[in-house]
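The chain that follows stands alone, in the form predicted on its own, written as structure tokens.
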Amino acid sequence: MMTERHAAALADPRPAGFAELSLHDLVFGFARNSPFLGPISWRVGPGEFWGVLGPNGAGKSTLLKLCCGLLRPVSGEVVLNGRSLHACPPRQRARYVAYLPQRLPLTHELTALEVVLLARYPFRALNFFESAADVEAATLALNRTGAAALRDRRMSTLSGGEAQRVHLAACLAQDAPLIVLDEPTASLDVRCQIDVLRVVQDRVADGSGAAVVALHDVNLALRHCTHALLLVGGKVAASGAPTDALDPERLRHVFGVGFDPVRRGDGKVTAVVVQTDEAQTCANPVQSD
């Protein structure tokens, strides 16, 4: 039976660019296996840029897939703009959530422009041919990610970093208020990492959209994210402002490595540096699942 909350949300009065994602007591596990993620309750609001961090195997990628509706929880609920995410047809869901997986899809024989145009499918009236508006949106997205020069190149000829920029452009061209990116900086050099996260910052700067990004670099999260979620063993170890959630002492216990904070003149932590003295590292590092 449909709840009153879901019935009211069928005619959502919020503007199309609005994004609010809520997870309620979410638990997940694969068939015939014990749940390994959760319970997690979490809210991503408009204008927020969340960095999701944690050891390998902590559940970051699984959590992101749940946020996109690609996996169904064992229990609990994912709610987007007041409506159960799984109550939304896939085509409608794609208008609200754009997802970039950790492993890029196979698009070797397509050009960069063709890959980005695929992201416009949810908006095509007849489902077949792209419009001039679709081409314009794709071109703008390629420009924003610094991939304009790759427009007519086949994906098979691109480096890993170049391909990553093209797929990020596809997420932007999808024009969804919520973008979910799984390690989008993994194949990029330092300058490109900063450029990509600045693009995400700009994307949510107007206060209506939101972003959830899995990262391994603590300093990128401290520098660019408005919020951070730290996962350990499928559970939330900390969440909130990056300087609070990514406290050096907490990071030491989570990653088993000592961190020294780098502070500005006002005492605010702006980065952390891994300690080089092995005696200062954690003797009993936390093991990820």
Partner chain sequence: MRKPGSIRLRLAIGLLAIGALLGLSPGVGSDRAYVGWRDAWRAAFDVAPDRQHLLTKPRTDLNADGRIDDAEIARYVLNARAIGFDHRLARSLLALVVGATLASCGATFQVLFRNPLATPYTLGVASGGALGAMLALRFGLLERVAGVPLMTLCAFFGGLAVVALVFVFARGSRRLTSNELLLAGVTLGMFCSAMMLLVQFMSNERLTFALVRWMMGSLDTVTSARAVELLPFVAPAWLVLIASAPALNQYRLGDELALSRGIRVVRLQVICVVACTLATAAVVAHCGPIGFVGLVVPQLAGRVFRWDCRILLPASLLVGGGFLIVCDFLAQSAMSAAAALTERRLSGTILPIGVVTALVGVPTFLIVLARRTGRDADPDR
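Because the structure is a prediction, the values reported are computed rather than measured. Positions refer to the first chain, counted from 1.
What comes next is about the form predicted together with the partner chain, which does not appear here.
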Partner-proximal stretch of 215 to 223, 188 to 196, 73 to 81, 115 to 123 relative to the partner chain in the predicted bound form, 4.5 angstroms, heavy atom:
115 to 123
Among 205, 149, 106, 133, which has at least one heavy atom within 4.5 Å of the partner chain in the predicted bound form?
106
If we define contact as a non-hydrogen atom of the residue within 4.5 angstroms of the partner, is residue 164 a contact of the partner chain in the predicted bound form?
no
Even though the partner chain is not shown here, does residue 90 get within 4.5 Å of it in the predicted bound form, heavy atoms only?
yes
If we define contact as a non-hydrogen atom of the residue within 4.5 angstroms of the partner, is residue 141 a contact of the partner chain in the predicted bound form?
no
Answer with yes or no whether residue 137 is in contact with the partner chain in the predicted bound form, where contact means some heavy atom within 4.5 Å.
no
Do any residues of 173 to 198 have a non-hydrogen atom within 4.5 angstroms of the partner chain in the predicted bound form? If so, which ones, in sequence order?
174
